[in-house]
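This document starts with two versions of one protein chain, written out as structure tokens and named structure 1 and structure 2.
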Structure 1
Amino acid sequence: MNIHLTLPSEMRIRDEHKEEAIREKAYEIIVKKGFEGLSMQKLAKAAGVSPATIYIYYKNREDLLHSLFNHAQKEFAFFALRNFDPSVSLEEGLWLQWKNRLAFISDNPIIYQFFELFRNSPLINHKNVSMKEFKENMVLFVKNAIQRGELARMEPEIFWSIAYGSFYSLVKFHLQEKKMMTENFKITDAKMKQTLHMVVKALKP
């Protein structure tokens, strides 16, 4: 990505607007109609480019789908740790992450829904981006919380299921209602905080 910015080149530069239009329209179509609903010709039409243009940016349809996911995952994981400091208390750290995630979802509902759709699809089996920095931060955060006596020792998947599984479940609830009612997506801070309190209680030693 962005080769034309980092390398001097003799070529005609790529039009970033085109690339973004393709990506955003692809997210939209997939969220609305599923992967089945995305054909290269429909996508090209929606993005205002020629079908052949898509093949300049992506090797083929499969590459397009995986690139879309990597893009979404990177953005989401990056946003989740915005302003995150692994040395704060468990409750404070989780609260920040929940708020960050919710903010991203509210601002980018289409991208998030695509992310969830892909995560739950058979396409996910392929190798994906590493999330190294994200994992390192989380390991540190958990270790600190255990040492401080805020968190019981447990297997990582149990921690994840309690600390985040309930959050995602709550979000799913609201996204489905939104889809059905065509209302705005909105979880109140109070509802989130109430749920988080329960989660923190569960995680105590």
Structure 2
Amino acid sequence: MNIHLTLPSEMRIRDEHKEEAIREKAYEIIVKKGFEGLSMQKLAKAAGVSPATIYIYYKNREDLLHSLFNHAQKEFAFFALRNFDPSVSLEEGLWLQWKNRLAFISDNPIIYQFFELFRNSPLINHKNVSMKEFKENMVLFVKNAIQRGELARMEPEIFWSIAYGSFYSLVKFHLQEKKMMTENFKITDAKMKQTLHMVVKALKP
């Protein structure tokens, strides 16, 4: 006599290709329609799987969103921390951060847009969201710069606004391909270095 067993979702075989397809379609839906535009049914249809398949990988919609961010954060940290040493000078460290972040954005435009949406939403405050390794490196980098007298003491929000606000403004114009006036705008090393020079001057004690 043949006995057929139905395995619970957590025991079914995980397929990395299906999981990646689900993740990619989830990013696309959220970027196009916002968090409210994402449902498990819509996601399943877009990814070409059944809704039950999604629950093999994610407990529920909330778990899916947190997992999407944590995956995006790992991708971001991989690029941002590449060849980065918290002991380097303020200018050298910021230059490498700008270059690494631009590489991440260029290689992962959809993930970057999702990343920004998530970071600017209340979801970022959930306990299941973590950026520990990245934050530890950035904090140490700032502390070292202050100790060497390269950086004035200031609140973290002020530092971020000065050190990275200008960079992300350039990125925005770059992605939109717009200048303030007429012609298309493209980021170049020369434009970033010109901006970085002024940023470092503003950060000095």
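In this text, rigid core is short for the largest set of C-alphas that superpose within 1.5 Å between two forms. Residue 1 is the first residue of structure 1, and the numbers go on in sequence order from there. Computed from a prediction, not measured in an experiment: that's the story for all the values here.
- Taken from the form predicted together with another copy of the chain is structure 1; the remaining one is not.
- With a cut-off of 2 Å and the rigid core superposed, M138 has a Cα displacement that reaches or exceeds the cut-off between structure 1 and structure 2.
- V171 is among the residues whose C-alpha shifts by 2 Å or more between structure 1 and structure 2 once the rigid core is aligned.
- Comparing the forms between structure 1 and structure 2, the C-alpha position of P109 differs by less than 2 angstroms, with the core used for superposition.
- Taking the rigid core as reference, the CA displacement of V88 between structure 1 and structure 2 comes to 3.1 Å.
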